[in-house]
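Starting off, we have a lone chain in the form predicted alone, written out as C-alpha cells.
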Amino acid sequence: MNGYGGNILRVNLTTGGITREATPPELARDYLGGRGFGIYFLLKEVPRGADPLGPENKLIVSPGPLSGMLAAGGGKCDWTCKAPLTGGYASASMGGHFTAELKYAGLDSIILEGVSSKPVYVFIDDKKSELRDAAEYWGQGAVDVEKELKDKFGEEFQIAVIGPAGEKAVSFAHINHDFGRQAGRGGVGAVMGSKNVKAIVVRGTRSVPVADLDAYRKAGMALYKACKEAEGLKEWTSYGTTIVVSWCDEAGALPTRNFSAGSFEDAKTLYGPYMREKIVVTDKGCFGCPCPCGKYSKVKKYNAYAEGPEYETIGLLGSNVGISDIEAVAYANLLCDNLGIDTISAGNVIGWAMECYEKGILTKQDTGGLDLKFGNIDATFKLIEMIAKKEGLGALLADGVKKASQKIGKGSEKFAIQVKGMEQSGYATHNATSMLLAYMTCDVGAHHNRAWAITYDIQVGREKVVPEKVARVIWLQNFRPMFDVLGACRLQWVELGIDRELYIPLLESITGIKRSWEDLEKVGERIWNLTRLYWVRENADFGRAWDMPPARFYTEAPTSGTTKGQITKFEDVNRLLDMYYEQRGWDSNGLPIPETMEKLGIKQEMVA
C-alpha cells in the first residue's frame, strides 16, 4: 500500500503475544492515518465505560502517510487512548524521529492492549518484535532511561519512554522521546504505565513504497524550497516557539499568576532573544525539519542541560507561577521531562495551588511546609517532584486541577483553569472570543493546537461575537488537526506561511490517490464529530455544560496589563456556543444530530 508501512502491530501484554496484521486499505482510505487511525480503533475496540487505567483501555500509536517521508516536518505521530485526566478522548502528538522509524519497520499503528504482569519494554527491530524485561529501568527518569537504552542499542533505535509519573498513574503523565519531545496531554503516559510498559524501542530499515517516485521527489523538494525561501525562516529558527512570548505579553495573552492576567511585569527575561543569549547552545529539529524550532540549552545555575523550554512551558511554568528566571523555568522543564509529566498541566495545577495558598484556602499544613507563594522557585521544583511521586499535596494535584478543586472547594473551582477536565494551555482568554471558543470546544479539552485562533481575534476585533469568528474556529478545527492525521508538523504552515496547496501533490505522489483540501477537511470534520460522539458515549451527562470555560474568564477582569478591565460576558459565552452548535450541525446541547451523522457517513453502530 503506497505511503504506508502496511501493518498493524498488536501487543497483547496480558498474554505476551505480538502479532502483525495487514493494514486494511479502506482504513487508510477513510481515516488516512495518525489520529484518524486512533479514533477508529478507540471506538471500535475499547468498550464503553472502560477504566482508563484498566486492561480494557488501549494505547494506539500511529504515524501518517507523510511521516518519515520527503515532507518538511514529517516527524509526527499520534498517541490515542481513553484519557485518565478527563474520562474522554485523548490524542497527543509527538515530534522527533520515532514516527519515521515506525514506518521503516513496516508499521502504521502499534496497539498496546491488556496489562503485563511485570515491567517490560517493547522491542522492535524491523520484523522482529518482542517484550523484554524492564525491571532495571522501572522507577528511573524518562531522560535517563532513554540514554541507557540508546547506549545499549545504538543511535539507530528510536525510543519512547515514561518516567516515574507514568508508573504511578499521574493523570497528566506524558511519554518522552528524543530527550525533549513528548506526547504530552491527557495522560497517555499514565495509560502506558498502567500497562507496565516502560518504553517502546524501535528500528526499521525498510523503504516505504510510493506511487510516483519522480513526482514525489519534485513535490517534496518544492515544499522544502518554499520553507527555505520563507521570509520568517531566520527568526523562527533562531527563537522557535519562544518568539511567541513577547507577542503574547504585549497582546494580553500570556498566562500570569494562574491566568488572573495576560501580561507579566517581569516577562522580558522570559522573551526569546533573552533566552537565546542566556542559555541556548544550539538548535534542534525533528525528522525532516528544515526550520528546527527546538532549542538545546545549558542551565549553568543548576549544572544541567535541557531541551527548551518551549513557549507553553515558559508560559505555564514561568509567568503563570510568577517566575521570571529563564534558567529556573528551563530546569523545571527538565524535571518534568525526566519525571514524566506534562509541563502545561503541571504549571496550571501549581498556579492554582499557589493562588489557593495566597488566598488562605491551602495552608502550610496542606503544603507540607512549602511557602507556596507565586514566584517561589524552590517550592515549584519541590511540588513538581511531589506530583510525580504522588506525595502529600502532590497526590491531590496529580489528579488534575478539576478534581483537585472539586475536593478542596471553597470557591477554588472558579479559578481552576480547565475545560472538560484538561488544564488550559498557554493563552489567556479574558477577552479573546475566538480563542475562548476554541478552548471550549476542543475535542480533548482546553488545548490550543486544534484551533490557534487568537491571531484572528487580534485581526478582526478580540471582543466581537459574530458568526464569522465561529466559522473560523470550525474551519481551523477541521483543517489544522489534519496535520496530526497526515503525520506532519503544522508549524511550517503556521509560522512560515507555506502555501498549504504544496502538500496536495506530495500526498498524491506518495499514495497515488488524488485529494483536495476540501476532501481532507471533510475527513477532518468526520473525525471531529467522531471524537465528540466518543465523549457522548463515555459520559452519560455529556453536553453543553462540559463546554463551559473557566468562570474566571467571564467573571474576573484583569486588574493589570493589556487586557486590564476587559472580559467576555457570560451571555456572550452562550451566544458563541449557540452559533457554534448550529454551524456544526449539533443540537442545543452540543450533540451531533442524525442528519449531520448521515452527511458525514457516520453509522450509529460506530459509536454505540
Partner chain sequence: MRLYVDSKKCSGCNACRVACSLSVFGENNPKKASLVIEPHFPAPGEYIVRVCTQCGECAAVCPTEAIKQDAQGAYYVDFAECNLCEACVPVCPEGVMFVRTELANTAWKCTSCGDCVAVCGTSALWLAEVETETA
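What you are looking at is a predicted structure, and each value in this text was computed from that prediction instead of being measured. Residue numbers count along the first chain shown, from 1.
The form predicted in complex with its partner chain is left out here; the points below concern that form.
Report the stretch among 201-209, 308-316, 514-522, 407-415 that approaches its partner chain in the predicted bound form to within 4.5 Å, counting heavy atoms only.
Within 4.5 Å of the partner lies stretch 201-209.
P119: touches its partner chain in the predicted bound form, heavy atom cutoff 4.5 angstroms:
P119: no contact with its partner chain in the predicted bound form.
Applying a 4.5 Å heavy atom distance criterion, does A135 contact its partner chain in the predicted bound form?
Outside the cut-off, so no.
Check L233 for me: does it contact its partner chain in the predicted bound form (non-hydrogen atoms, 4.5 angstroms)?
Judged by the heavy-atom cut-off of 4.5 Å, L233 is in contact with its partner chain in the predicted bound form.
Classify Q365 as contacting or not contacting its partner chain in the predicted bound form by the rule of any non-hydrogen atom within 4.5 angstroms, answering yes or no.
No, Q365 stays farther than 4.5 Å from its partner chain in the predicted bound form.
Decide if the three candidate residues F381, G394 and L396 all line its partner chain in the predicted bound form, where lining means a heavy atom within 4.5 Å.
So, no: the whole triplet misses its partner chain.
Work out which of Y104, Y239, Y331, F479 lies within 4.5 Å of its partner chain in the predicted bound form, going by heavy atoms.
Residue within 4.5 Å of the partner: Y104.
In the predicted bound form, the residue from L43, I567, L53, L70 that sits within 4.5 Å of its partner chain by heavy atoms
The residue in contact is L70.
Going by heavy atoms, what in 429-452 lies within 4.5 angstroms of its partner chain in the predicted bound form?
Nothing in the stretch sits within 4.5 Å of the partner.
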